[in-house]
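Only one chain is given next, in structure tokens, and it is the form predicted alone.
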């Protein structure tokens, strides 16, 4: 018998544990022959199917210039799945998935190819029962966004008919400055309504990034001290140990700040600093992230509070690494930053006076992404100086990758007769606490697109506010000489260490 409100608590509890399964739908990938598609998107689709999260008639259409038949495309997906899928290969899952695979050959300005795409989608509606529901994934360079979006409009592919849906998925970068971001947004929104547009920032699909919200708002342990009264400063780091690889054409002229700070790191800052949302739906989350990004304040002296640099030759992992300017395809006069560090403040009651230090770089000591909340020092009134001279500051470190988890650093007495306090760490690792491995970010994000759940996707306002923060820094760098240098395999330029030293602080060595 149910209670007076007609709710069954046992059933409701069970409902929350049920996986969310996509309804009838299909995915069209433009640029399906690229690296992202082969290494991430196609394996993610298979992993979702393998976990039973896609409908039986799910359809996958590839659109590219290659002269492939449907069978060639299916073979390409098969190879990608075999190489890169997270879950074990199961023949029966593959057989069902491959029935809905089709390939459309053509250029992005080819009207005939888009008419073929339209017919293919209609055929799949009949054969696979996709119900007219399709997401268009633009896995293409940004310069092709306008032409693809206009073609979708011209051929009626963006129209939502009879209760069906159409959605557009756009990969970063979302413009290269505020002006281009606004232009891109207006082009996309001419064709798709805001709730049809999903801007993918794969960092937001990582379990550990979502865990920031759980850590803060599900635990009374942290939220009362998550403010200027207790926090000394926050460091957000995304370090890579690789160089630019074969991406010279893309990377030169964009650089580390535009590539990483504008999207990944400012989104991590927003999640770390925002107020508690009224709920975890997309609108409430976006409202709080927008508020905090709108309150970000640039330092008055950008010369002392920002650093850009390029890696010089050095040693990495026991091998000699060339400098950025010696990389193939890079202009020897290039001023593009491969390292960027900036200091920001947030002008609100919670964070007034607390600096947020953001840094990213290539060819650094190791690959790591983390958020470190560093707390103020205790007054140590009952201790003499010698008892605490080896004690650092308390810290809570959220490790986003590669070793996902959370570390707490605090002081503990050293065993022995004297009172001596030293730093110790308490560690939570995802891999040790949960038996199920974390889904890949793209699995979560593709499923969310098919479900129409937009809470992990940055909105137009967030993208434009991020550019408003970064543009003045980029303009300042353009006016002021060449980037600093740092040796490959180190933790960045001495200028970045000096930036924190002026504030009486130092960077963490992850």
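Numbering follows the first chain given and starts at 1. Keep in mind it's a predicted model, so treat the numbers as computed, not measured.
Below, we refer to the form predicted together with a small molecule, which is not included among the displayed structures.
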Which of 331-339, 219-227, 247-255, 277-285 sits within 4.5 Å of the small molecule in the predicted bound form, heavy atom basis
247-255
Would residue 242 count as touching the small molecule in the predicted bound form under a 4.5 Å heavy atom rule?
yes
Quick check on residue 198: any heavy atom within 4.5 Å of the small molecule in the predicted bound form?
no
Just to confirm, residue 260 within 4.5 Å of the small molecule in the predicted bound form by heavy atoms?
yes
Taking heavy atoms and a 4.5 Å cut-off, does residue 87 contact the small molecule in the predicted bound form?
no
Indicate whether the candidate residues 233, 343 and 349 are all in contact with the small molecule in the predicted bound form, with contact defined as any heavy atom within 4.5 Å.
no
Within 4.5 Å, heavy atoms only, which of 114, 203, 356, 134 is in contact with the small molecule in the predicted bound form?
203
Heavy atom within 4.5 Å of the small molecule in the predicted bound form - the one residue of 399, 362, 166, 102 that qualifies:
362
